[in-house]
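In structure tokens, the next block holds one chain alone, the form predicted alone.
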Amino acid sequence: MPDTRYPSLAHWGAFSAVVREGRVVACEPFAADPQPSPLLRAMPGMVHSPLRVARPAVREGWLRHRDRLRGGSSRFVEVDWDTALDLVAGELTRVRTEHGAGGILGGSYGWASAGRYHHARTQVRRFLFSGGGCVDQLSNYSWGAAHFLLPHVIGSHIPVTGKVTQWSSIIDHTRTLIAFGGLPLKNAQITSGGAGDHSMPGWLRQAAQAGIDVVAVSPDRRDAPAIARARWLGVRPNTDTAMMLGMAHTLATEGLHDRAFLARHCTGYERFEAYLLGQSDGTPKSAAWAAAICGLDTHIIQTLARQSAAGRTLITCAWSLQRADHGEQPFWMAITLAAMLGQIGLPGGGIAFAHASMNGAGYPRIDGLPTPEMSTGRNPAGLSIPVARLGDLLACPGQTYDFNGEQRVYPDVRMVYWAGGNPFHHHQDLNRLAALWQRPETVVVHEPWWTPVARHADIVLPATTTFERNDIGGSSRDRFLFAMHRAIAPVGGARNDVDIFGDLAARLGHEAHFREGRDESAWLRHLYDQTRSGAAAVGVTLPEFEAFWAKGHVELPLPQHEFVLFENFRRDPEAHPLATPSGRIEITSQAVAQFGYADCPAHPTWIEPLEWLGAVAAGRHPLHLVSSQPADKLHSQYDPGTVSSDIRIQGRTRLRMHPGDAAQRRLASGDLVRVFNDRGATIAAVVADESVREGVVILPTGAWFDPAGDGTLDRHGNPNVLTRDAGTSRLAQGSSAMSTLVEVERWVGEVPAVGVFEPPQILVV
């Protein structure tokens, strides 16, 4: 029987699923993709993995005694679908009746599927909203601090999602590209909603050919890609704000700043300048002052400032900068530095975000051209928390907290309903989270695999993968829309999230509200037709649905005009004001000033992180941990797969550290080590690497959480047992994972086996 191919899409690329005798045997990259991601290789094995959740399962202790002893060693009892759905519906009814909508947390994360219909975060919210509401989660771990800061400064968070000055404009006009956080190519594999064109390597080659001086500011030399001929400035982690202040001081004291731009397009520069020059606090933020903080030579900071003023310069920031203590400050300071240079709104100049954080940022795209999008509807409860405050929600019901100028109260959550995503990957201080996870009365999870969050659930409902359903996908940062054809029948007893929620809604009396009278086929046609209508409004003609579905994709036309961020605002700020109170760039924000937050003042400020290489505590835990995004998976997805397993050492995640730091601890590449601080410990494998700045260790995220029996040690190399669970500031309450100090020592004694890749014990009754 010949192989059959079905077009589909993942966040790391478009592909065709090759099916032989009912099994996915390969994923062939999309023919138009110039640089397909190797992550496609991990997918076939995971579809048919022994880690698939075969049938609905209920944790034995919860089923028999309603206990809350959730953990990786729990035993589960398989039940039929009707029994499982009756249990879930009963719990939803009980909690709503006894505690209201505030008793239910709707948990999810947006990277579960590239498809826009079978998008778990959308569907769990639609279901819970249509049934009366829930406690929702605001923003994300990726750029949560920027999400809430940028509207105060530039009127919108949209630029951080990738709608920034196009690469073609950079190639033609930029002379110096300063990338704070670097330009790591591993991040260019991924884009939310999928990618048909992995374009960043090509743009970086063109940048090198154009003679652009690419400067990568990062503690990791690998963030300075050789294809761009980038030069590396190995800054101390969390000190980018100080470096930018040192550059700004050079501009101000040497008269290199653009006073005309600051006067017409900005507000509050004078107050900031008083701080910069030390007039308000007695400390000039000179290049020498900055050099002592960030670990660079004074001359390097001064020279880079002068070079930036001498030609067209673009400053771009990776998302990682704002995932740190006071993470709002580097983004605010980068905007201020770009404003002082006076090039915001010019081709190839000014400020940008996300070029280093995912594929497609700065990709040419017709303004206003839509992509398929499924609405969640309105949350009638009006309840939400910043996503990174999950632990505090569980720890502090009824407690007041500050957030973006408001005082809020944490609801008293009794039930967690999670579909899509893995909080035991995304969240910080996982030992704390695991303890707090015992507090809800019921935890329900939809999962295709026995992931850490499934192992910490009471009721697990087996969900389909992309291969087992039809969908439609596309990203606002890509030039294709994709049909996603079902390639195989659902594995085991798996069902898609929409049908699970539909059957629950029928039991609870709101099926019509949830389904809106459409099945899967009708919804896909509806979403495509909406996109087609929106495209027509901006002059783009898309084929009829049948033609699109048969071909498997449609290519979108490129714009005739290059997009330059803030171009219209620069040309006429009165006619095209920003959505800030002043209509201008707010270097000093009166709104933020009125909040009165010491941890996020009225203008960009250097505030020492609680944990960094300049802290007193560095004597006890003297290494700064950088928990970067992995190159071998997306977050924790497909961690058991071949791409991830092929690069492990003795089954553990690689910990990169400078050879000098390794030698000081008598470590060599391949040694297993204990990485630890007061919050926890994990086992990793050392790789001595001169590309890592001294005093820094790099342990990527994504290893499935695998606590040992006593719950204090992760056996697998998960850095989030070490990171601090605290908000960036009271303004944004984002993740501060990048502000973490640790120590590393050789592992002594018997090495505990990794257990998370073995399914839990299943009881059949």
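What you see is a predicted model, and the numbers here were worked out from it, not measured in a lab. All residue numbers are counted from 1 along the displayed sequence.
The form predicted in complex with a small molecule is left out here; the points below concern that form.
J.: Pick from 111, 437, 117, 363: which residue has any heavy atom within 4.5 angstroms of the small molecule in the model of the complex?
T.: None of the other options qualify; the answer is 111.
J.: Heavy atom within 4.5 Å of the small molecule in the model of the complex: which of 107, 131, 680, 181?
T.: Only one option qualifies, and that one is 181.
J.: Is there a heavy atom of residue 323 no more than 4.5 Å from a heavy atom of the small molecule in the model of the complex?
T.: Because a heavy atom of residue 323 falls inside 4.5 Å of the small molecule in the model of the complex, the answer is yes.
J.: At the 4.5 Å heavy atom threshold, is residue 586 in contact with the small molecule in the model of the complex?
T.: Contact with the small molecule, no.
J.: Taking the small molecule as it sits in the model of the complex, is residue 612 near enough to touch it, meaning that at least one heavy atom pair lies within 4.5 angstroms?
T.: Judged by the heavy-atom cut-off of 4.5 Å, residue 612 is well away from the small molecule in the model of the complex.
J.: So in the model of the complex, is the small molecule close enough to residue 392 to count as touching (4.5 Å, heavy atoms)?
T.: Residue 392 lies outside the contact set for the small molecule.
J.: Check 318, 448 and 737: does every one of them have a heavy atom within 4.5 Å of the small molecule in the model of the complex?
T.: Yes: 318, 448 and 737 each sit within 4.5 Å of the small molecule in the model of the complex.
J.: Please identify, from 629-637, 375-383, 660-668, 307-315, the stretch that has a heavy atom within 4.5 Å of the small molecule in the model of the complex.
T.: Every other range fails; the passing one is 629-637.
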